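There is one chain below, alone, in structure tokens, taken in the form predicted alone.
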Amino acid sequence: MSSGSDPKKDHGVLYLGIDLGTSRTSVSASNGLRETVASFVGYPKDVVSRKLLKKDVLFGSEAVEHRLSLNFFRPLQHGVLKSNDDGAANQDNLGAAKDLISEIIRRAKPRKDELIYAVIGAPAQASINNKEAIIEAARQSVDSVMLCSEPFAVAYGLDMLDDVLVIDIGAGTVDLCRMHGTMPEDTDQITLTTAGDYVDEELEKLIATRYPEAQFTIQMIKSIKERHAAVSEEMEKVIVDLPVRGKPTPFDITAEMREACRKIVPPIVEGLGQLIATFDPEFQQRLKDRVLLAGGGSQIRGLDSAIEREMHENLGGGRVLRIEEPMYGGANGALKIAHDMPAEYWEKLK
């Protein structure tokens, strides 16, 4: 398969790579457009909120800003659609996911006469039920759709398909994937839930313990983390204003930020160790020396060095390379897969 596009095959087709994430949803399109939106969806609660907002549905930061007036959804949890106790997709979240996918596709500006073929990245170990629910959510907006594992999409986009370990850190999951020149199987992949949301929860607990008088929401904690996340000893001081009885008050949360962010490192290295130990012994060192760090969580300052240090202590070495485009690594790779799929494959999937 070539990554170049065949003009006859591409006539009247818009290819999309979509990274459907717990926190952000991104698209890379064959028309050159790239967009990202926070994975939040909101519907006005009543006639007053509808009159105020003048919209039937809000997305991303706009939905977060007006969430008190909305029935507010974050349709994905741990990178997959939130489900009921029986494992079936929750209908409200399924509806919100359909609207979210429809919105990210609208932002890619497809022409009315174009077919839309999409590859959507999902967590490495998403259940069969969840994969079917994601495909169902996408079908109303696309002509043909397939899923791939997010870390595989990252590696494919960079043409690093042989003897590579991918760490893809999202809000809901950390996906680890071992690449060895073939499509990864279940045994090549590990999904952890100690990801971005976990860091938010740990940071919330640490701040509440040290500064019980401070008032904050998890949404405030998330935006503080996105601005200041770091793990190194020499990190810049993190001083934030939080209300105390309604008055903004400065708090030093440097140590809490470092501790919360560092908590994701041991589970990642333990997972890498499992994938390395069960690989052909002759190629284990090559795997260790080619670790790709991707996803929104890869932007934590100093995280690549922290993982390397932990690998040296526990696995006898390793080299970690942070990818250049954490926001679009998965979407870019999914787009490349979409382009490389033969036209007859897309026809079969319709």
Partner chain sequence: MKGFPPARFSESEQGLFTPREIRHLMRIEFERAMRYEYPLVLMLAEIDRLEYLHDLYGFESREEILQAVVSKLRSMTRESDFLGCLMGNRVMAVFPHTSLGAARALAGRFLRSVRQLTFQSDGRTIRSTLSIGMSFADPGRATTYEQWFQDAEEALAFANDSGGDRFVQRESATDLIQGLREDLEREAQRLASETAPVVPPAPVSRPEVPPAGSTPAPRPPNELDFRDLPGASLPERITNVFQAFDGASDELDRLREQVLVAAADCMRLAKERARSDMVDQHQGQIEVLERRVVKLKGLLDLTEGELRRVARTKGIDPGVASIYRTVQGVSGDDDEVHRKNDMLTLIFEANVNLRNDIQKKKSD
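Residue numbers count along the first chain shown, from 1. If you're wondering where the values come from, they're calculated on a predicted model, not measured in any experiment.
The next section is about a form of this same protein that is not shown, the form predicted in complex with the partner chain.
- Heavy atoms of Tyr117 reach within 4.5 Å of the partner chain in the model of the complex, making it an interface residue.
- In the model of the complex, the partner chain lies farther than 4.5 Å from every heavy atom of Glu226.
- Although the partner is absent from this view, Ala214 stays clear of the partner chain in the model of the complex, with no non-hydrogen atom inside 4.5 angstroms.
- The shortest heavy atom separation between Glu132 and the partner chain in the model of the complex is within 4.5 Å.
- Look at 153-161, 169-177, 69-77, 269-277: in the model of the complex, residues with non-hydrogen atoms within 4.5 angstroms of the partner chain sit in 153-161.
- Only one of Ile253, Val145, Val199, Ala137 lies close to the partner chain in the model of the complex, with a heavy atom inside 4.5 Å, and it is Val145.
- For the stretch 332-350, the set of residues having any non-hydrogen atom within 4.5 angstroms of the partner chain in the model of the complex comprises Lys336, Ile337, His339, Asp340, Met341, Pro342, Ala343, Tyr345, Trp346, Lys348, Leu349, in sequence order.
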